[in-house]
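The chain that follows stands alone, in the form predicted on its own, written as structure tokens.
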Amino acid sequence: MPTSPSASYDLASLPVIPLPGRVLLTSPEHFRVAYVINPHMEGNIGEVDHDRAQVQWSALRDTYERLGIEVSVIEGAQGLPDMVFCANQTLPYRTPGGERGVVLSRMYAHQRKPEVAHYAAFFEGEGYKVQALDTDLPGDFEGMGDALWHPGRYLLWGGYGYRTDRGVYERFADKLGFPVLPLRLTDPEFYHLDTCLCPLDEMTALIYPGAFDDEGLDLIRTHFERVIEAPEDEARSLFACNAHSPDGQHVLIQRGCTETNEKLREAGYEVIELDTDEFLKSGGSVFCMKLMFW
């Protein structure tokens, strides 16, 4: 499988895979800002309002339930304050033949490494084929923080540069047969791909263009017929691109992304504004707080 920035795919020729219909959340009772591992955490140690965070998390859970998506919850673990950002520890997949599997992350920050075992146990219980990265090969990988499925197609977008090493995607392509389009991230505030690219449906993506180099932008524009650009202030301060569309119709997004939301509504999406400002203090919003799986 080609994985160079100049590689491209004819989407119509790629296998169709169903959208995942289940969502995993991690309860926030142990969430706090206890250290600094990204620029958004600076100045926020000890500043989380736990009661407010619980209310915000519950509103996210209730929203998925109202949309008819089956919700599973893992209890957060003491001493793992970032475990609530459950997009990061794994990459669930479903092959065109229907096999369900999950690739375990190798977390960049030592504080977060113990989180992975909790998700491995969950997916083992769900009957998934659980796979770890080769222990004899280097390279960090932070799951669906950096690896995003193209909606409805067997194609993976792979962000790299801050939390994930590009070589990991090359091993995916070789070992697991995932077609991968790598995107180099260029701004440390957008340290995960899910902070600057939000695939909304097979033809549409929401992006912050300032987080990518020219090759990456060309790759995105080649594979999405419609690209909606979030303004810099909303992308940086409100994590506008850390939104989530579970069904290609609704977009769950941080409250206050005025310009972005106007563009989304003009494009025909139903915007659901949620308040995640307590979680923004740690560098995450809607997409970071959930994990879709089959």
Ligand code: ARG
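Bear in mind the structure is a predicted one, so any value in this text is a computation, not a measurement. Start at 1 with the first residue shown and count on from there.
Same protein, other form: the form predicted together with this ligand, not shown, and the subject of what follows.
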Q: Name the single residue among 119, 212, 191, 178 that comes within 4.5 Å of this ligand in the predicted bound form, judging by heavy atoms.
A: 191
Q: Look at the candidate spot formed by 112, 163 and 282 and say whether this ligand comes within 4.5 Å of a heavy atom in all three of them in the predicted bound form.
A: yes
Q.
Given the stretches 258-266, 59-67, 221-229, 31-39, which is the single one in contact with this ligand in the predicted bound form, using a heavy atom cutoff of 4.5 Å?
A. 31-39
(Q) I'd like to check something about residue 105: if you look in the predicted bound form, is any of its heavy atoms closer than or equal to 4.5 Å to a heavy atom of this ligand? (A) no
Q: Could you confirm whether residue 85 comes within 4.5 Å of this ligand in the predicted bound form, counting heavy atoms only?
A: yes
Q) Heavy atom to heavy atom, is residue 288 within 4.5 Å of this ligand in the predicted bound form? A) yes
Q: Considering only heavy atoms, tell me if residue 145 and this ligand come within 4.5 Å of each other in the predicted bound form.
A: yes
Q | Heavy atom within 4.5 Å of this ligand in the predicted bound form - qualifying residues of 19-34 | A | none
